[in-house]
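Take a look at this single chain, the form predicted on its own, given in structure tokens.
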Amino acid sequence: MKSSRTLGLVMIAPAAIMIVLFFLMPVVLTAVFSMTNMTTATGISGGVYQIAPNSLIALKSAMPDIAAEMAEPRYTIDDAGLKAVEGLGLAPGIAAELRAKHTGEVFPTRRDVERMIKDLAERPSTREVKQISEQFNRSVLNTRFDSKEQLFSALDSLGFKLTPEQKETVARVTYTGWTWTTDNFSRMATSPDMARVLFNTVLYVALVLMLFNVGYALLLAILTHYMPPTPASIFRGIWLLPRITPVVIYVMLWKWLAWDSGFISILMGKFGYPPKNYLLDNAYNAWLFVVLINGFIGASMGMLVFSSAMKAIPKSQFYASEVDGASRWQQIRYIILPQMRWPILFVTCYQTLSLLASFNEILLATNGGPGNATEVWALSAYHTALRNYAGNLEYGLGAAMALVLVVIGVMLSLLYLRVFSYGTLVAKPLIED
């Protein structure tokens, strides 16, 4: 008994490893990335502290006066500037007097430092004053600092007297790396664009699922159930073509149908209508094609599952119903549909999760257009994290959007189990052999 249990664990170990590596780990990593503000700008490694123009804009809302001062240069009498003055070839007393009397002084404006230089004993000319003052020009703007301590030291050397709270604000705004945050979820909850994308996703999943993946698939399965075996097999094989055809070729066929030089435009041109791109002409046409493109793919799988389930129904039930004078509709209503609960549950759950996560067909057909009218959640997450027109890819926000899909998928699966009475489906039979 013990050896059998060990053998069972050994046999199931590869499957368990695959589940952990290819299912659990991606979900965990997605959850981790969703709690960061990681973007192309921040990179995926540690950042530096840099007072750039964009950080000054952000700093103005919290400390407008200090932000304005940081945007302007200051003039500090330091050793580097004094050595530069000595190298100008001016009167030697100028550098000596500056070193003796003014070392460490900070002047907020160029006018202040030039007034001080003019009062030196050597009385430098106006041209020399400007040369000397330029050697002490100091600014933290666009300077990179590896740590907060270096940033604070540079600010102190330029005469910025900041409180600890102000220093932390400056450090937070000027940090170019990623940080831990929950702002991604706040952005999703408050963004009107996200609300529109969510509505598109609900519409997309509901239409494709009800009309094709379950409804039309069930209709095809019933039709082929009453057909002779050979024509039924051929018919099912034809309906499998959308699923087994490479998605790029499959979508290209639809584009050829809908383009302004495609079949529909050629046909409508015979009746005097000008050619146009029916796929992207307006949102209604785009949605029609999106539903059709994805629906024909999903219907084939549901058809196979439902057909297999119908073949498992004992033929004696159909023979008995025919003897009792039952019509085809009565057989469907009282024999087939009551025994389809389990297959319908499986197809509904599987196809819901598939539709929530799939975006290949929409990406190739409309890319979310026209005007983001067909942008669904998974496609929006892809655009946000991996490809967008702005160029700044937001990895953290994209991961948060993907994590929301995982949560929605789990919740819908539990809901389906409740609606279809999963406990009843797996309950022990009332009569045991």
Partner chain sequence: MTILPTLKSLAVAAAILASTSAIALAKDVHISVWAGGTGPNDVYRLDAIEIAAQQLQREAALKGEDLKITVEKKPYSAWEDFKQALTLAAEAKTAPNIVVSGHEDIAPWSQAGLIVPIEDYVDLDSWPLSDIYENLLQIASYNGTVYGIPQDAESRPMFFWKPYMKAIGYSDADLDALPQSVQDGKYTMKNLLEDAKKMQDKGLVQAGYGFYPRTSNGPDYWQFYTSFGGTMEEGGKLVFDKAAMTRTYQFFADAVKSGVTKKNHIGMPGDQWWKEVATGKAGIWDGGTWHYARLVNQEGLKDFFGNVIFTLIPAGEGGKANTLTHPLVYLLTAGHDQEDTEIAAQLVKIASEPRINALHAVKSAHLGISKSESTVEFYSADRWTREATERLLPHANAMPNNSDFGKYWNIMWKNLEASWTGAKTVDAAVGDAESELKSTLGDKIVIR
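Whichever C-alpha set is largest while still superposing within 1.5 Å between the two forms counts as the rigid core. Numbering follows the first chain given and starts at 1. Predicted, not measured: the structure shown is a model, and the values here were computed from it.
As for the form predicted in complex with the partner chain, it is not shown, yet the points below apply to it.
For the options E86, D193, E72, E122, the one in contact with the partner chain in the predicted bound form, meaning a heavy atom within 4.5 Å, is D193.
Checked against the partner chain in the predicted bound form, the residues K311, R127, K161, K270 give one hit for a heavy atom within 4.5 Å, which is R127. In the predicted bound form, F318 stays away from the partner chain, with no heavy atom inside 4.5 Å.
Within 4.5 Å of any heavy atom of the partner chain in the predicted bound form lies no heavy atom of D146. In the predicted bound form, the partner chain stays beyond 4.5 Å of every heavy atom belonging to L403. For the chain shown alone, N277 is a contact residue for the partner chain in the predicted bound form, at least one non-hydrogen atom being within 4.5 angstroms. Partner contact region in the predicted bound form: 365-373, out of 365-373, 404-412, 63-71, 25-33, criterion any non-hydrogen atom within 4.5 Å of the partner chain. Taken together, R236, R328 and Q339 are entirely out of contact with the partner chain in the predicted bound form: none brings a heavy atom within 4.5 Å.
Taking the partner chain as positioned in the predicted bound form, the residues of 35-68 that bring a heavy atom within 4.5 Å of it are, in sequence order, T39, T40, A41, T42, G43, I44, S45, Q50, A52, P53, N54, I57.
The rigid-core alignment places the CA of P343 less than 2 Å apart between the shown form and the other one. When the rigid core is held fixed, the Cα atom of D146 travels 2 angstroms or more between the shown form and the other one. N367 shows a C-alpha shift below 2 Å between the shown form and the other one [criterion: core-superposed Cα displacement of 2 Å].
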